[in-house]
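Consider the single chain below, provided in structure tokens and representing the form predicted on its own.
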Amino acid sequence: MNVHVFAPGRVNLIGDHTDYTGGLVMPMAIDRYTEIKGTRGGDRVRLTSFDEPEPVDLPLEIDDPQHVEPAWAKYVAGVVAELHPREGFTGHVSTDIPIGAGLSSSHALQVAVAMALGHRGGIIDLAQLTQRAENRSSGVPTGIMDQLTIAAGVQGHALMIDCGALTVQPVPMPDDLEVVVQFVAHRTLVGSAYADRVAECAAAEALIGPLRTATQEQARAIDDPVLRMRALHVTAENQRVREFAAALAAGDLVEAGRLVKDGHESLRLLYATSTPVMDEAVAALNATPGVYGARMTGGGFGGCVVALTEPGVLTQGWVVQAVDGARVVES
């Protein structure tokens, strides 16, 4: 059977480092794609890529995807290990999602691989499976935002996702708003302090309960200064997501921009996931006439910044559109 899979990247507008505590996020799937073309069948998974010199050649039974070679094969192996496909696949991968920019190129690959290998569950099951695959293949305890956004994208809409209840509410993007992504610095979450942040949130939850429902007052009562800062960010960021959705619905782009700016400051001061070069890029954007607000986006420690602007204001970066989620064509 011939298969052609399209899996979009994603950009997060607001709600960073809240998904792994079951909080709220507001991303959108974007019009940059990872594609896989090939044929289903056989007893191995074989993939080549324009971007990688070494191919992937894997059996259908994998116990330890984290130590597969070459490096990009780990992400494929994680999906194979979780999906247990009944038949293999031979094909080719191409992408125009910048690799290492924080726009979910690895998650798009994993969603695409799962669909190429015949995943038949619903959107939530696809997101959960590829989240497990990511965690196993990278060793980083990431949340479900990226996978669910890639699977559930809606054209012309951002998605307000409750990562605890696993509900997705499409929010229309205003016609007079442009979303621009600028690459700042290459990054990888492997070896970063991402896992430390997950552990710090878990330690805060041991003191005050789930951060998805905790209040700012509860967060302020934490004695440990680091845990207090992490909890203050998460509880405030969840509220910012709600307010951001309301601002978009009301067409109040100035308020939406203010919330975006506040979110970046929280990531910088309370969560320590930004960097000086990211802060400089954000400050320059926020000082540009016609920019409502800008912030780092994604896991942090580098990657991209995202700006909400009047149309045509910025000449550098990628203007991205909200698109539908991953799809597969079989023939």
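A residue's number is simply how far along the shown sequence it sits, counting from 1. Note that the structure is a prediction, hence the values are computed from the model and not measured.
Quick note: we don't show the form predicted together with alpha-D-galactopyranose, though the next part is all about it.
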Out of 160, 144, 152, 115, which one falls within 4.5 Å of alpha-D-galactopyranose in the predicted bound form, going by heavy atoms?
-> 144
Heavy atom within 4.5 Å of alpha-D-galactopyranose in the predicted bound form: which of 299, 65, 263, 293?
-> 299
Do residue 194 and alpha-D-galactopyranose share at least one heavy atom pair within 4.5 Å in the predicted bound form?
-> yes
Give a yes or no for residue 318: in the predicted bound form, does one of its heavy atoms lie within 4.5 Å of a heavy atom belonging to alpha-D-galactopyranose?
-> no
Is residue 230 a contact residue for alpha-D-galactopyranose in the predicted bound form, using a 4.5 Å heavy atom cut-off?
-> no
Specify the contacting stretch among 69-77, 117-125, 239-247, 136-144, defined as having any heavy atom within 4.5 Å of alpha-D-galactopyranose in the predicted bound form.
-> 136-144
What residues of 17-46, in sequence order, lie within 4.5 Å of alpha-D-galactopyranose in the predicted bound form by heavy atom?
-> 17, 19, 20
